[in-house]
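Next come structure tokens for two forms of one protein chain, structure 1 first, structure 2 second.
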Structure 1
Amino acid sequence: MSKKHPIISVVGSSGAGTSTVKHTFDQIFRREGVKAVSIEGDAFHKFNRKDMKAELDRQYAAGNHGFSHFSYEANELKELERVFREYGETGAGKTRHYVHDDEESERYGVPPGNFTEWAPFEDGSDLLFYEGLHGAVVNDEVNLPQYADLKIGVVPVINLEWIQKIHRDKAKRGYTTEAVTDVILRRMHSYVHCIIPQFTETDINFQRVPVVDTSNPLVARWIPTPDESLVVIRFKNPRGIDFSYLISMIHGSWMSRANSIVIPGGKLDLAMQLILTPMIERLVSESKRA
């Protein structure tokens, strides 16, 4: 944690919706005049696409069938921790981009499946924003949550997460349903051991729950819409959260536990703004005072 150079870490599996949530943060940053620098978690993959394929084949041949992008060892988590620590201490750091598709290739000038060069953050930022797979990992080698001042989990229930991933990977990244299904299966071991433990570290989890039938996510023809879903919002430490204000402002919401509220899916953006704006304001004003 760094009073002077705060870090926000948004964590979710592939397809969970962390990039979508980043848009809401960007709106808050713009409206509140907050200058944020950001990291995409995929920038800290260890391998480009070609080398990852070779490493996967090697791991498979050696009997490690659990190796995937979700595994700790497929990512530069020590480097990510170093960047978090350095930013917290000095407000400086660096990142790069993993280019997934033609659209990103056009933007970054690097072929799909490769990284851009590392580049330093712009000077004079108010906070660092991380969005990706591993921003709250605690293991034998790293402890990322200790550096992050606000940790958010984005965790749709699993059928919905798969539907979101399948649709996005088919529409934007050119994969087939079969290829995405294989990836989901291959990642399951690390999903359990590396991804989900992070959601007990996070301060707030947003869990989208569909209210339409998603029993067979592999054949779903579209992603359930906001109107076809609810969102459970769970606060690790509910002290100081004004639940009655939230319930009165978010029409159709209710408390389901002493630390959780449920909102209509279409109110997610509003709820995030109501909950996160004062938290971000506090982080930035405390950093300016420090």
Structure 2
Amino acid sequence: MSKKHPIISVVGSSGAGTSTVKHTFDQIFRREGVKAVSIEGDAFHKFNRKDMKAELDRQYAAGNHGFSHFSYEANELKELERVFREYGETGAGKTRHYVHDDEESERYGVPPGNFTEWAPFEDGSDLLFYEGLHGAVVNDEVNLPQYADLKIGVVPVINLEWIQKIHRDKAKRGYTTEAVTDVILRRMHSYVHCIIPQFTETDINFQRVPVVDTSNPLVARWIPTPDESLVVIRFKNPRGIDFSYLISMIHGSWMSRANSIVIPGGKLDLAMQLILTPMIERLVSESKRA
């Protein structure tokens, strides 16, 4: 970790709502006058869309039916670690973009399913902001958490995650429920071994829990709304967290454990603003003093 060039890493499983979280961070950055350079986890995939399909076929033929975008070997994690390390040391680095669709293709001038060229960060940033699947990986080859000053986990309970994925892939990609279920099953091994362990490394976890019946996610007709959910916020180290202040500011919240607070699902943005703004202010002020 570097006091001079702080790094915030937001780790979310697929469909966790990290894009909404990024919007909240962007609001905080704008309001507090913080210049952040952002990198996306998708930029560190090893394969473009066409090559990933070929690699999937090759892995299947070799008997590896658990290979997916979640897998360590499908991502350039050493490169991501290098970016974290270099930014922490110098405030410099480089990234690229993975182009998902036609709208992004028009913006970046690259066909969908491909990467832009690597480009250096803008000079003079206050911090680095990462959002993706692998920002807190620890394995035999990399240790990303050691470089991040604030690590945030965003993960719904698993049935809710499946419902979100099924609805998104059916609506946006035209998949059948059966096809999406096959993808979920294919990803399960990597989800358990590559994604879940990261949430023990994070400083704060935000977990959305529906309070409606999701016992069979494969037949759910709609995604539970925020008002049909609670969010459990867990602090790895609760020292210095003013829980009484948070409970007084967030109507309907309560403490479930000494390190956890439960809030109504519709209050997530407010809770993140209240919790994260002073943490970001502290990181930036310490970096400027350094």
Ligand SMILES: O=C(CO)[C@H](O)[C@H](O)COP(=O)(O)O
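Reference numbering: structure 1, starting with residue 1. Think of the rigid core as the biggest set of C-alphas that the two forms share within 1.5 Å after superposition. If you're wondering where the values come from, they're calculated on a predicted model, not measured in any experiment.
- In this comparison, the chain shown as structure 2 is the form predicted alone.
- Once the rigid core is overlaid between structure 1 and structure 2, I166 counts among the residues whose Cα shifts by 2 Å or more.
- With the core held fixed, the Cα of R221 is displaced between structure 1 and structure 2 by 2 Å or more.
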